[in-house]
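Coming up is one lone chain in structure tokens, specifically the form predicted on its own.
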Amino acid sequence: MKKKVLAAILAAAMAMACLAGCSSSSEEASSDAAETEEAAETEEAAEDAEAAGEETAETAPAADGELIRVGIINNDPNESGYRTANDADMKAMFTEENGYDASFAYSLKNDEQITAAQKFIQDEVDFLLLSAADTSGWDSVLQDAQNAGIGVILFDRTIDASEDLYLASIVSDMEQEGQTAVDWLESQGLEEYNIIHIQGVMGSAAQQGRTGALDAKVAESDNWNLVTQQTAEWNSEKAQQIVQSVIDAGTEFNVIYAENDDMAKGAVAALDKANISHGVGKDVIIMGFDCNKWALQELLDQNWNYDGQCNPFQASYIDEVIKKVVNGEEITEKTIILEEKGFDATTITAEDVEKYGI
């Protein structure tokens, strides 16, 4: 399997180099790619012949006689309802029944994820699937994976790395999520926006995208003010403490912009404790992200005002990319952006809660 992946990566790298303006002819590049793949397949055939009859009982073979080994690096599934759904989606897809031998590693810290990635590279997985805790610091690891013939596929979150270091990126458009939310908030037509901004884990793609749009709007608008801007690291209890400190200080506010549902929930707990009304037509506008079913129910009950969708179901897209690579097919889309929307408490329906809630 590794030889097939390596051949596909080499062919993709050659194609990208040619698109960048290489001077060799397309016929010569095609000949080189064909020779590379033919050599890889010849070597694999020899290995298969040598290993004939030596299958172990540890893993059942897939339909083509060999399981695809994947190392999956994700954030802590207990981080949020979104992450729980995302992890469950990955585990449902990457099973022996579907032709995979999958190993999982979890952390909210970039350095721990990088250590896990290096371990997967040493273990010679076929593919490395990555939802990075931070957007930076991945170049050397991805280069090591490419040198080892391991295909890297990003999911959920983007990173700051050259596109030639990974096969594909299946992600949400976090910047658009933030812009959609800010546009909705602007449409509410408040005379003055005094905002408690509760951020996620700093440096993550979700935090950067959801923060960026709000920061830009505040910078350009005299009547938009940040009462406080702090990270609660996706945590409900920390979010409650942030809002409670603002209440205790006696500072006026009328919007809570929380970068995930759990933090919005914690913020609301502080409001309820202080008997401050919130939701449609009330004192404080409540905004969250991720569209947990319970959060959309809060919109339906008009206790919250807005929730931005973040689609956790990416495994089927990743499976499609892997199968294309294994079969020697061309990957026509380097980046796949998942479709998402924002929900307003005044227009959401019970059907929306059932259809989009995670």
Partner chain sequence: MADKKKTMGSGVTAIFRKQIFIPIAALLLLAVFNLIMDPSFFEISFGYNSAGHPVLTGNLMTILDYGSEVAILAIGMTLVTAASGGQDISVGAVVAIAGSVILRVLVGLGGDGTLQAPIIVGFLAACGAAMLCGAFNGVLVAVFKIQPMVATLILYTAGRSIAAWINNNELPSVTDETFTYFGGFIPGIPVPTPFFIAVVCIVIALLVLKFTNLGLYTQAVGINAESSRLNGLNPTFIKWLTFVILGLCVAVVGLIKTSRLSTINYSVIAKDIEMDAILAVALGGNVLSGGKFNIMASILGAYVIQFLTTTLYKFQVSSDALPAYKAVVVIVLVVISAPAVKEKIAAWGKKVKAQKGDA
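Positions refer to the first chain, counted from 1. These numbers were taken from a predicted model, which means no experiment stands behind them.
What comes next is about the form predicted in complex with the partner chain, which is not displayed.
S136 within 4.5 Å of the partner chain in the predicted complex, heavy atoms: No, S136 stays farther than 4.5 Å from the partner chain in the predicted complex.
Does Q244 make contact with the partner chain in the predicted complex, using a 4.5 Å heavy atom cut-off? Output for Q244 is yes: heavy atoms within 4.5 Å of the partner chain.
Is there any non-hydrogen atom of H197 lying within 4.5 Å of the partner chain in the predicted complex? It does not: once the partner chain is placed as it appears in the predicted complex, H197 has no heavy atom within 4.5 Å of it.
Answer for Q208 alone: is it within 4.5 Å of the partner chain in the predicted complex, judged on heavy atom distances? Judged by the heavy-atom cut-off of 4.5 Å, Q208 is well away from the partner chain in the predicted complex.
Only one of S169, S236, N74, N86 comes within 4.5 Å of the partner chain in the predicted complex by heavy atoms, so just point that one out. That would be S236.
Just to be sure I understand the contacts: of A274, A216, L190, A92, which is the one whose heavy atoms reach within 4.5 angstroms of the partner chain in the predicted complex? That would be A274.
Taking the partner as it appears in the predicted complex, which of 280-288, 259-267, 125-133, 160-168 has residues with heavy atoms within 4.5 Å of the partner chain? That would be stretch 259-267.
All of S103, T115 and A148 with a heavy atom within 4.5 Å of the partner chain in the predicted complex: Zero of three within 4.5 Å in the predicted complex.
Scan 310-327 and note down the residues that get a heavy atom within 4.5 Å of the partner chain in the predicted complex; none is a fine answer too. Heavy-atom contacts within 4.5 Å come from no residue here.
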